[in-house]
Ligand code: GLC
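Only one chain comes next, encoded as structure tokens, the form predicted alone.
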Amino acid sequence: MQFPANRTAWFAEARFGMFIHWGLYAVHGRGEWALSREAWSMDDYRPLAEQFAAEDFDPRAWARLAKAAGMRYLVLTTKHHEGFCLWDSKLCAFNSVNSAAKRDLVAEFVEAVRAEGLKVGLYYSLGDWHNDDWFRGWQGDTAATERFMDYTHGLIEELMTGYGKIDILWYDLPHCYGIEEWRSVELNAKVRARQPHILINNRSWTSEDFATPEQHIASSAKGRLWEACMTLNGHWGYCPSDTAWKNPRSVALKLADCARGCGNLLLNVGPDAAGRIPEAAQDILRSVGQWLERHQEAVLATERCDLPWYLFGPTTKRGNILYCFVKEYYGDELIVGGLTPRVQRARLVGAQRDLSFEQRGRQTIIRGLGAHASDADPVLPVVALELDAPPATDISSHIDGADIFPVLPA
């Protein structure tokens, strides 16, 4: 298939996106896997749709929050593993139009995200706890497998043909069937025929456009697009009892770590059944957005930086500039070990303030940050070192001619 030119350029530069897990699980507020983990019967679970009113659903507010956070795209769970569709499906009656919401929520979401100038991503779980054919096929019923795969292809075709241009298709839960059963190659070819510019993730057992490490950051091979998806607390779906929120500094560090490998951070929020994103999540995202506005030169459009992770935090680079994300330092000195080019200038990025420095042996010593990291920046300080050559390090030995790891006696 001939792909359109520059199809992936926006994703390679995006760095930050919003993942939104929203479905019937928001009604009980115990996370998106409660149906399975609490062994609900579908007869008891299905009536939750009568309580899913989405009365405060304002996708324009979601998109504006994402924009304020510095995010470039949003990905919504159109159907999670529970099988409930957030659109007016003609193939699945278990959907939002037939719930208390009585609305095509995907249509409203897509329109709102586009209106804010952001990219539209649709998540689709291949697994389906609501459809009995998914279970029957898994247990060896070949006719059920055929029916379920036709059903799956049909639902994805609805999403790809009913809502205009879609920028990302984000599959999940391909387990229990292989690439042949899913007819993944055929499925994705049909998707691309409808959406030539679309990016597809690697969760239909094909590599497609980008990798998706989950709840951890794992830089992919050079030239391979990737995105780390992570929760903002401990759950993907709405769970008000989970208050273990990542603070803005933690999010900024994860964003920097993704940027060093030219990857993106897809950070999740879980709205309640009314459609409200928790206030705590909103506050964190706005704080991160303010930080990113001050430090975007160190995160956006930077190059892959394979220098070792320093004790103080990750690094990114752009040309002859090395950006140091400083989670901690000691006293008033930040020491960068093993840097081989000569430093021409050191500055505190967020404040655009010059810092004093000296290079002594294998150490680059920067001073003037203040007694604590919070003095330099309330979220995460970033130091830019302007060098006379591209950033490079040599930490092979701590004293010339001495091995860091000498041979121990027998």
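Worth saying up front: this structure is predicted, and the values here are computed from it rather than measured. Residue numbers here begin at 1 and follow the sequence given.
Although not depicted, the form predicted in complex with this ligand is the subject of the following passage.
K.L.:
Choose from 328 to 336, 168 to 176, 273 to 281, 90 to 98 the stretch whose residues reach within 4.5 Å of this ligand in the model of the complex, heavy atoms counted.
P.N.:
Stretch 168 to 176 is the one.
K.L.:
Which one of 323, 84, 236, 73 is close to this ligand in the model of the complex, taking close to mean a heavy atom within 4.5 Å?
P.N.:
Of 323, 84, 236, 73, the residue with a heavy atom within 4.5 Å of this ligand in the model of the complex is 236.
K.L.:
Quick one: of 291, 109, 123, 148, which gets a non-hydrogen atom within 4.5 angstroms of this ligand in the model of the complex?
P.N.:
Looking at the other structure, the residue within range turns out to be 123.
K.L.:
Answer for residue 214 alone: is it within 4.5 Å of this ligand in the model of the complex, judged on heavy atom distances?
P.N.:
The answer is yes: residue 214 has a heavy atom within 4.5 Å of this ligand.
K.L.:
Answer for residue 33 alone: is it within 4.5 Å of this ligand in the model of the complex, judged on heavy atom distances?
P.N.:
Contact check for residue 33: yes, within 4.5 Å of this ligand in the model of the complex.
K.L.:
Using a 4.5 angstroms cut-off on non-hydrogen atoms, would residue 16 count as touching this ligand in the model of the complex?
P.N.:
Close contact is absent here: in the model of the complex, residue 16 is far from this ligand, nothing within 4.5 Å, heavy atoms only.
K.L.:
Mark residue 318 yes when one of its heavy atoms lies within 4.5 Å of a heavy atom of this ligand in the model of the complex, and no otherwise.
P.N.:
Contact with this ligand, no.
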